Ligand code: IPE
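Form predicted alone, single chain, as structure tokens, below.
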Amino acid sequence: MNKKETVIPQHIAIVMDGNGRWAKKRFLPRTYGHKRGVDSVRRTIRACDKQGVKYLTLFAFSSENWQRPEEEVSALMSLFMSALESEAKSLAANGIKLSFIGDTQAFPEKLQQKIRQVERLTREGTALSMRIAANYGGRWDIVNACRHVAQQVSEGGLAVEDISEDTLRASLSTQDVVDPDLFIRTGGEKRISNFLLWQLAYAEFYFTDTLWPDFDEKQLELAIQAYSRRQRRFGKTGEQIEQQSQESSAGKIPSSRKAPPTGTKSA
């Protein structure tokens, strides 16, 4: 691979961590950090669109976040509402399709209505497809998929022996998008925190100490550069991937068999 070549991931998933610590370092309320985090979301959307990323999934509120102080949860609900109100038209004008994954029925009714309204407003967007994971958990997603498959079996529409990975994947909340190529977590923590457990099976992981409110286009470029240096093997050997890459470049194999973008030398 040419060292100067940059491989752009199709799908980037981000755990936006560090808002509270960013505010605490400045002797400000945690809620102020969340407000500044919205600015980083804005910058990241623009940067991903500019880089040619097709899908962006942001972890905004986990199913475990309800355990946080009531005041902070209430402030986050208000922030969701105001951010959707202020950004909806801009997203639509720039071709950004916005949708939500997670159990949004747990949110206040006014927020649910705003979510549905923004999804309708932006559904024709073709520049970048963005998903907000809100009241989302990876285990919740898998359990819901299992329930759906079990229902198909109980109704006679699916035989047990016909259940496959594809069957389950088709029932996940991300069924209509490719799995993430690159997972980014800001804030210095090195865990996925129940985010996209099934979908991240072969994603490349990138952790940065940068707190989310400080994450910008330069930070995104650093993550993409790191991704570009990795070789994605999907269980094959490095030699197989190199050979497939050479054959692909020479046009000897069909596109459906081409090796995935070079990008850690993982198993």
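The first residue of the sequence shown is number 1, and the count goes up from there. Computed from a predicted model, the values in this text were never measured in an experiment.
Note that the form predicted in complex with the named molecule isn't included here; everything after this is about it.
Using a 4.5 angstroms heavy atom cutoff to the named molecule in the predicted complex, none of 92, 115 and 124 count as contacting. When contacts are judged by a 4.5 Å heavy atom cut-off, residue 59 counts as touching the named molecule in the predicted complex.
Proximity of residue 228 to the named molecule in the predicted complex falls outside the 4.5 Å heavy atom cutoff.
By the criterion of a heavy atom within 4.5 Å, residue 87 is excluded from the residues contacting the named molecule in the predicted complex.
Proximity of residue 82 to the named molecule in the predicted complex: non-hydrogen atoms within 4.5 Å are absent; the residue sits far from the partner.
Residue-level contacts in the predicted complex: of 144, 78, 193, 151, one residue has a heavy atom within 4.5 Å of the named molecule, and it is 193.
Residue-level contacts in the predicted complex: of 30, 54, 36, 42, one residue has a heavy atom within 4.5 Å of the named molecule, and it is 30. Of the candidate stretches 42-50, 199-207, 66-74, 214-222, only 66-74 has residues whose heavy atoms lie within 4.5 Å of the named molecule in the predicted complex. Along 11-31, residues 15, 16, 17, 18, 19, 20, 21, 30 each place a heavy atom within 4.5 Å of the named molecule in the predicted complex.
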